[in-house]
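As a starting point, one isolated chain is supplied in structure tokens, in the form predicted on its own.
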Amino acid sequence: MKQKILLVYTGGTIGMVKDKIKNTLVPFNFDGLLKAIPELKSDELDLENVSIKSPIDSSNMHPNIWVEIVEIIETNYANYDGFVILHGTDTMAYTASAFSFMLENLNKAIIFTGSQIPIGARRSDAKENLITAVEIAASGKVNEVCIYFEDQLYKANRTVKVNTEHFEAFESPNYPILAEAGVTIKYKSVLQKKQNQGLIVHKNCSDDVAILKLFPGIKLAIIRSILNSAKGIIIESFGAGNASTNTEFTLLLSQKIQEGKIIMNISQCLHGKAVRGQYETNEPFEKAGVICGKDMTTESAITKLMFLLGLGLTDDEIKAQLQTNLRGEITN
């Protein structure tokens, strides 16, 4: 029986080919996909494609476009065995992380991939990334949102972009890779399917969020301004979740939390996590009641907060859910 896979094109470098007449890069015509990549032709595979209304550079990605893509998956969920989403690399980790929360009870593979060099260029990494992403989506061994890039399959909400110049563009700093592609694809972790649970699609992501990155000498006025700017704030603190012990800073955090702000602390470091009580400099967050985000990536933390704020929960429910491992985004 053929496996049906739907390619969803959102834009990005992977979708560019060279116009032989103008000698410029132009958006890829998916009608010619199998001509460009004959390896995708297979007796075991039925590959179809669809595009969002206006493909974009991923730097222009927005929650409204997340909803457009999610609705494509929702509409076609019963008709396909897996999905491959072609997406620009710059915000891929944000979109993939968001999808891990927006798609509850997911029982099929949703594989994000892209490329550092356009598919029409001679040294492009697009061809291998796309072929392998399709094979993984059709394997039946993956039942979650992932990113596939340069031989590695990553858990979506554990992934960050770390490089603009090499093919190894992504990393999963605090979680092992799910599979590695060599002569064969070696699956290191297989998520069990959820029995008798239908897909639940969440489409309301709040944009009432902000990120505050601490640095030595940051003015209290700047901190106050950012805390005032949104309902939910992610603080990127130093090392293992540390910050200045300045009393005014601690009092400001306490005041804003009392006013109803939801504030979570994560580490600026790629590897490791924010912890409670290890250093004296953890105390500002402890005393103020700031939530500890442990080893969540910035991309996962901010999209989880957007997702939870969009659910219409109470503040206490949001705070509890932020500290709960919903989709494997936190190491227990």
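One rule holds for the numbers: they count along the sequence shown, beginning at 1. Values in this document were obtained by computation on a predicted structure and should not be read as measured data.
Only in words, not in the display: the form predicted in complex with a small molecule, which the text now covers.
Engineer: Quick one: of 68, 286, 48, 57, which gets a non-hydrogen atom within 4.5 angstroms of the small molecule in the model of the complex?
Structural biologist: Here the answer is residue option 57.
Engineer: If the cut-off is 4.5 angstroms on heavy atoms, which of these, 81, 150, 90, 236, is the one near the small molecule in the model of the complex?
Structural biologist: Answer to the contact question: 90.
Engineer: Using a 4.5 Å heavy atom cut-off, which stretch among 81-89, 258-266, 236-244, 218-226 contacts the small molecule in the model of the complex?
Structural biologist: So the stretch in question is 81-89.
Engineer: For residue 115, is any heavy atom within 4.5 Å of the small molecule in the model of the complex, or not?
Structural biologist: Within the cut-off, so yes.
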